[in-house]
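There is one chain below, alone, in structure tokens, taken in the form predicted alone.
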């Protein structure tokens, strides 16, 4: 995939340059996948990733586990403490094992290392040399450490990351159930640390958003016909399964629930309410508690919480990208187009949009500067004369309430 280059900037007047610019596209952004205790990265810095490639493994039901004493840095087990019961203390046996041990080191150990089997469809397990226990290293242990070994049943292995050492004994965040996290974009891994994060530099362009929720997801972009700037929830049917749908000015809780039930991968809107975000978070928690598999679902709001329609230039860009694969990323909020070229809409250089105030969401053209203008309440502000596209009369708007689009 060839690199995407930003278009050359357009010449604007010095007066119009005082209006805050809103960048519609960013190129080669860096995204993050935050990991918690018990999670591990399946990639390393410098690796190239493609959409659908496993990059991390989460432990949703991680618990604090006492894993006992681990090996010393030279690879030999710790010497047991002096005492009559020291020989019977099994907690002194080394339990920490890496995914693979070199042949020379394995022959020197009294116990063979435990192999971790990769689940079907997951990425190959990273092969590391045996090193001393440090916080964040991957650990594999048995259910007997949690006193859950039942008679007649095989021991269940648990896995997680080491946390800290106290009085010679290590604690780990581990669990029996693990979930694979797949990359929704193509790019290059810049940083990968267990229990911390995986950072990827995206190969392509992205549209910044104000708010993102849910999980990173990927699907084909669907731009349906909007009625009065909004999409009715009834239009979200099973025929749009696997799509990232442009939902218009605002997303309702009913639309979010219906979209998830129809296996839609994501929704794009101008704004979203805090109540809808809480409903989405509660729905995700219920889904995880039920252990039922579900497809990733993401949500992105381009303008935040205030109700306003999607800007005309942005909607034109989305319409030009309809049918192509896009991805919703939550950290930071981005709509990623991992394509070589992005078709830019024709936009007059003096096109502006009101981002706050009583005319928030309206668009028009910059006519001239009005200097310091006296508004209601006796407040004098730097203002401009604009003409909205649906009116013939002019309106004086504070310059601080305006924004212009920069591609």
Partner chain sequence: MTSQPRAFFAVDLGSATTAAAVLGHVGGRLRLIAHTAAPASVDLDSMLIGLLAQVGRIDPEMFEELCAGDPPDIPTLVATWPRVVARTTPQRRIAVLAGSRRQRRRLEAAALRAGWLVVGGSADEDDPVALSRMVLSIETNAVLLGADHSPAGDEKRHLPDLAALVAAAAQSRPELTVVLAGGAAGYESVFAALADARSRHQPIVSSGVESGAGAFEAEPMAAESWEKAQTKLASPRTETDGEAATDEAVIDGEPPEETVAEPSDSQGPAADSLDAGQPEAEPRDAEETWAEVLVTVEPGAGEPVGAATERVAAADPADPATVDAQAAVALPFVAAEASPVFPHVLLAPDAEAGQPAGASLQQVLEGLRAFPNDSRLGVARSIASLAYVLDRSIETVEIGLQGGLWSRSEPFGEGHFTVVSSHACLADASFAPANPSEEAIDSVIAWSTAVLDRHKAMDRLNDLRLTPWGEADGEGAVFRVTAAKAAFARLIAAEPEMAANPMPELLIAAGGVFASAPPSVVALAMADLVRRHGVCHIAADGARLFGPLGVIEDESERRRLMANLADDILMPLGSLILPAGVRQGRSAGHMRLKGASSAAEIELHAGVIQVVDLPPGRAARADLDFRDAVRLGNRARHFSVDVGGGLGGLLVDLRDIPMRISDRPESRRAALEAWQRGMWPEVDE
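Predicted, not measured: the structure shown is a model, and the values here were computed from it. Residue numbers count along the first chain shown, from 1. Throughout, rigid core stands for the largest set of C-alpha atoms superposing within 1.5 Å between the two forms.
What follows is about the form predicted in complex with the partner chain, which we do not show.
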Given 280-288, 241-249, 206-214, 309-317, the stretch touching the partner chain in the predicted bound form at heavy atoms within 4.5 Å is 206-214
Quick one: from 334, 326, 236, 267, grab the residue that has a heavy atom within 4.5 Å of the partner chain in the predicted bound form.
334
Which of 45, 349, 51, 345 has a heavy atom within 4.5 Å of the partner chain in the predicted bound form?
45
Each of 30, 195 and 355 having a non-hydrogen atom within 4.5 Å of the partner chain in the predicted bound form: is that the case here?
yes
Residue-level contact is defined here as any heavy atom of the residue lying within 4.5 Å of the partner chain in the predicted bound form; does residue 231 satisfy this criterion?
no
Within a 4.5 Å heavy atom cut-off, is residue 339 in contact with the partner chain in the predicted bound form?
no
Should residue 62 be classed as touching the partner chain in the predicted bound form when contacts are defined as heavy atoms within 4.5 Å?
yes
Heavy atom of residue 385 within 4.5 Å of the partner chain in the predicted bound form:
no
In the predicted bound form, which residues of 270-288 put a heavy atom within 4.5 Å of the partner chain?
273, 274, 275, 278
Is residue 52 among the residues whose Cα moves by 2 Å or more between the shown form and the other one after superposition of the rigid core?
no
Relative to the superposed rigid core, does residue 375 relocate between the shown form and the other one - that is, does its Cα move 2 Å or more?
yes
